[in-house]
Each structure stands twice: as C-alpha cells, then as structure tokens.
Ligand code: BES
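Below you will find one chain, with nothing else, as structure tokens; this is the form predicted alone, and questions on how it binds or moves follow later.
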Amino acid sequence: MQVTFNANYFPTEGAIVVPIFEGNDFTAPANQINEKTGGAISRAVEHSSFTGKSGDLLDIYAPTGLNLSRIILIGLGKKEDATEKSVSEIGTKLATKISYGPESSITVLFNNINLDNMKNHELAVHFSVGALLRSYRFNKYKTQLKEAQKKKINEFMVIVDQPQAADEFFHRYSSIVEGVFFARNLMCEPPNVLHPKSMAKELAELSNLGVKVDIINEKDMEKLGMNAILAVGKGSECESQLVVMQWNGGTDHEAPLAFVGKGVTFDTGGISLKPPPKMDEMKYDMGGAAAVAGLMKSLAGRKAKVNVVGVVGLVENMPDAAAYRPGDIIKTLSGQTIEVLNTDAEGRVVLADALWYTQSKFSPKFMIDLATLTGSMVVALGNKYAGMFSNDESLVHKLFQSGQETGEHVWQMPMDDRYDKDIDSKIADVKNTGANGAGSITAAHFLKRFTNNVPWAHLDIAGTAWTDEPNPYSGTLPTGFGVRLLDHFIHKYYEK
C-alpha cells in the first residue's frame, strides 16, 4: 500500500474517509462533505450508533452529490486523548475495514484538523503508519488466491495542510515499517526455506543500506571457542551462523548500543523432543533475531545518528545421533561451563556465547537481548506484554516508557539472587534449567551470568512475537515485535 500526502486534491473515484471526534463533534472535513452531500453525514449519525469514539466506523454508500463509492466515517475519540499510539491504532481499524471493500483507491481527509498536543501532519502520519502496518500480507506461497486475498489498495491518499512536512515526518516511520515488514517476512518463511545459512544470506543484504555485515561460520566459531552455539546446532544438517551487523551513524569511537537476538530457525526441542501439537509454530523461534534484523534495517533506512551493533545466533535444534544431550557439559566462549538438563532450553545456550562475544568485542553502552525464550512467559503475561528483566533501572524505565508510547508493551519481572541459586549446578558452573516454577526468571538469571556486568536488559517475547489472538497491527500473522519499540527507544533517548 503506497501512502502519499497532498493538500489540494479531491477524488473522483473510490472511497473517502472522514474523521469525526467523540460526541459527533464534526471536523472541518466532515462539515465540508456534509454540505456537499445535502446533510448525508448528519442523517447517518443520527440514525446509527456511531458517536465518534476512537475507532468507530460507519459506511455511507453511494453518497448524493459525490461521484464516489462510499464515505467511511471514522471516530478519532476525544481531542485531548490523542497520542501516537491511539491514532495509529485507529489507522489499523480502517486498514482492516478497507481490506475487504471493493475500492482500490482511498482518500483520507485530515485537512484543517488541529489538536492541542499533535500537529496536523503528525496526526495524519501516525494514522497512516497504523494503516500501513495493518495492511501487511504474506501470500508468497499461495498459488490460488481468493478474490479477497488478491485485493490491494493501490492509492492511499491523505489530505493534509502541509504535505511537505508530512512527507518529512513520514520518512522515519516508513523506514520503521520496512523494518517491521522485514522481520515479519523472515518469520513467515517456512523452515525448509529459512535455515541458519539462508537467513544469514538474507541479513547480508542489509549491506546495501550501509550496514556492515560479518558472518561467522562454524569453523570460525570453533576457533573462537563458541561451543555453546555449536552444541545446539550439532543435530542439524544446517550449519550454524553468528551474524554481526553494525550501523555506524554516530560519532567515531563512540561506544555502540548492542542488541542480541535468539535465532533458532526451527526448534524441535532436540533430544528433549517437544510434543507434536503446534510444533509447526517453532519456525517462529527466531523472532528475536528477526526483530534485531528489522531494527537494523529501520535504523539504516532512516540514517539514524547513532552507533548500533546487532548480533544474532542462528541455529536449528534437531534430534540426531550427533545432537547434544541432557547430561552434556559445554564449555562456553566465556570459559564458564553449562550442564545441559534439557535440550529444549536451547535459546539461552545460544545467547550465552552471543552475549559474551558482543560485550567483549564491542564494549557497548548496554546490551538488550530479545528472545522467544520461555513458555512460562506466556503463562505469566499472555500476549499483551513482553517480559523485561534487567540489571539496570535506567534501561527499565526507558524501555517501559517506549512500550507505553508505541503499544509494544514490556513489563518488568523480578531479578533476585534467590532465583540465581536455582541454576547452580553440582558439577558445572550453571545448569540450563532451574527448579520447577519461575522458568522465565531463572532463564533470565542464566543469561545475566554471560553479560559480564554490562548494563543489560532481556526481553522475553515468547508471547508477543506471534499470537493466535488478532493483533491490531498484524492480525494473526507474526508481529515483528521489538522493531518499533527499540527504534523509538533509540530515537528518544540516544540519538543526537
């Protein structure tokens, strides 16, 4: 869907979208169209339940006085309640509606709408971004599309007071959308197509945007001593990879911000085999790596003025004669040893080497890792919030605030030495699972042991990377969770 902004345009085909505030408080465009149609809008709202509440929708078909298929009234809610999050979510409502309509051309009238806390062009852009995010489809492997699936909006025109200001403001957000779509595309690919080597190849394409991409293969990992990553991938025919992506948009010699992603392109559980139901969803177990890759694409696309490094460990966890086993002891890159109690607790093992490599190689200001790490996180928070664990309260505050403002919510979970004792091993430095209960917390404490006391936060996105319950921005497809959150976090707190 192509979004464009214009000041002097009125359509002669398709549908127009007319915003109205709560309480049926008509905007300037609503008054204008109401007059053109001989009071059609007034009559429609009088005889319906539409009140202009946030996300309310009402169709007026074949309006008198206009050569258009329909008018779509959309509620903006209360003027004083408008935020980036609320306005973009209203945009998602429109995108859901028009995806099933007959029109290929949509014009949204935002001209002469002013808010106390949001400029006209900002209102239009946030709305358009929500619509654009919700327009995502993945039909690559469908050979017989239904008519509704073939439907495309060819023109999404937004009428604003200052189109140039809207274009400039939209530039940053369009790069974020591209990053989200990149992450979603990676997650949607089937595991017979997307494996560690092919995913590494996809990430290498980011070099076209100015990202420096280095791929460390198994031979080089063996030389470095990355035995944890290598152990998890031993049962697979697909060679494991560590991909390092650097965006240097800040000043020379400035310490980078570091983001580390779990990239298990398919997770059978290994020898500790998962039960069959929903195992197909384990192609999504690289959601953390996808988010880091999407973030790097977003930053490079908008030429962010900051130094960032993204590191992702890519493996496939398979049962095989060569696979690592419960009872194995692994010496990691850090020199610490891991006793493996469950081969399905593999993501933390991969991240152990990735985190240690990142802090020792780049000396970052902080590290944030993203991982679809534990089912316990889904039990605790469902699909509404990602779990957040950290050794730094400043990071906690900034990430929480960014979640509130973007709608990619995070919730702080406890870190406590009493939980850390639960992962002490009798015969190694640490075991890869704790006692029964608090599985997400003990997993976070496991990761903390490989941070070398660098400021760090762990985001367990197991409940938010994909969901069976429709998400406002993505429906039931993978969400790309983390890209918008972290781009906002970087832009607000670290860009100069």
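Since the model is a prediction, treat every value here as computed from it, not as a measurement. Start at 1 with the first residue shown and count on from there.
The protein also exists as the form predicted in complex with the ligand; that form is not presented, and the subsequent description refers to it.
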Though the ligand is not shown, can you say which of 369, 267, 353, 408 has a heavy atom within 4.5 Å of it in the predicted bound form?
-> 267
Could you tell me which one of 85, 274, 303, 331 places a heavy atom within 4.5 Å of the ligand in the predicted bound form?
-> 274
4.5 Å heavy atom contact, residue 401 and the ligand in the predicted bound form | no
With heavy atoms only and a cut-off of 4.5 Å, decide whether residue 129 touches the ligand in the predicted bound form.
-> no
Does the 4.5 Å heavy atom contact test between residue 376 and the ligand in the predicted bound form come out positive?
-> yes
With the partner left out of view, is residue 34 within 4.5 angstroms of the ligand in the predicted bound form by any non-hydrogen atom?
-> no
Is every one of 18, 56 and 111 within 4.5 Å of the ligand in the predicted bound form, counting heavy atoms?
-> no
From the candidate stretches 278-286, 91-99, 176-184, 223-231, select the single one in contact with the ligand in the predicted bound form, where contact means a heavy atom within 4.5 Å.
-> 278-286
Residue by residue through 441-462, tell me which have a non-hydrogen atom within 4.5 angstroms of the ligand in the predicted bound form.
-> 462
